[in-house]
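Shown next as structure tokens: one chain only, the form predicted alone.
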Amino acid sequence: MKLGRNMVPLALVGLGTSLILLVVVVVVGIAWYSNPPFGLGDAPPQPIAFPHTVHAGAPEQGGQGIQCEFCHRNVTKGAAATVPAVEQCLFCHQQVTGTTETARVEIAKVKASFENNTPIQWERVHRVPDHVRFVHEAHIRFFTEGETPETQLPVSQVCSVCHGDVAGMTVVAPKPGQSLKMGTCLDCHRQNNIPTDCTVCHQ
């Protein structure tokens, strides 16, 4: 049985279409699972137990009330919030040695990291895809310099919009019920009359 003239081009079209669909499925899958949806993004294990409740928690609840930007120094200046250098941890922990055995063990890990000149390999908790341009400074500035005093929020409240009540977390995990996906960003932009043009967020 001979194939008709049109059979070979049709087969190539079918193969091409299948490959394109496969690429689309792979890209969507990577985008979906790099930032797990509702409830699937558990807190990754960290090399050192860092209880935000102790550091950033309210003093009346036993915390130190340290502001987000004291440790995440770049959050009001640049794109990334950044994590503190080990030296910054030692501003306090040269003197503060911990009140429990668990705290003393974890603080000893920080000191060992400094003495060995090795950075702490923190595991990232919050992530947006690499093709998304998210500038922390612009978002912090928008909410802290609101048009009226009522819309001017402290930095810690701005952070909680996306990250949740980190000051109340012993172990930092994604904000319950919210994924940092495009719909979340678009909803916030629309609520605050911010442009939703693709080029605002995408490279």
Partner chain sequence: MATERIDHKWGMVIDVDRCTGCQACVVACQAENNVPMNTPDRFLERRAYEWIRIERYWEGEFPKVKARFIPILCQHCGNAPCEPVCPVYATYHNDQGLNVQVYNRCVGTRYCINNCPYQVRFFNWWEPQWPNTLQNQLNPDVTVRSRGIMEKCTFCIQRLRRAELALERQEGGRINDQNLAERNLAPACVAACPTSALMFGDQNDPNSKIRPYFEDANTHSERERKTRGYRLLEEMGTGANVIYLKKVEQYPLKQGESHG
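Numbering follows the first chain given and starts at 1. It should be emphasised that the depicted structure is a prediction, and the values quoted were computed from it without experimental measurement.
The same protein also has a form predicted together with its partner chain, omitted here; what follows describes it.
In the model of the complex, at least one heavy atom of Glu147 sits within 4.5 Å of its partner chain. When its partner chain is considered in the model of the complex, His131 lines it closely, a heavy atom lying within 4.5 Å.
Proximity of Val161 to its partner chain in the model of the complex: non-hydrogen atoms within 4.5 Å are absent; the residue sits far from the partner. Mapping the unseen interface onto this chain, Gly16 falls outside it, with no heavy atom inside 4.5 Å of its partner chain in the model of the complex.
Segments offered: 167-175, 57-65, 152-160, 132-140. Contacting its partner chain in the model of the complex at heavy atom distances within 4.5 Å is 132-140. Contacts with its partner chain in the model of the complex, taken as any heavy atom within 4.5 Å, map to no residue of 97-125.
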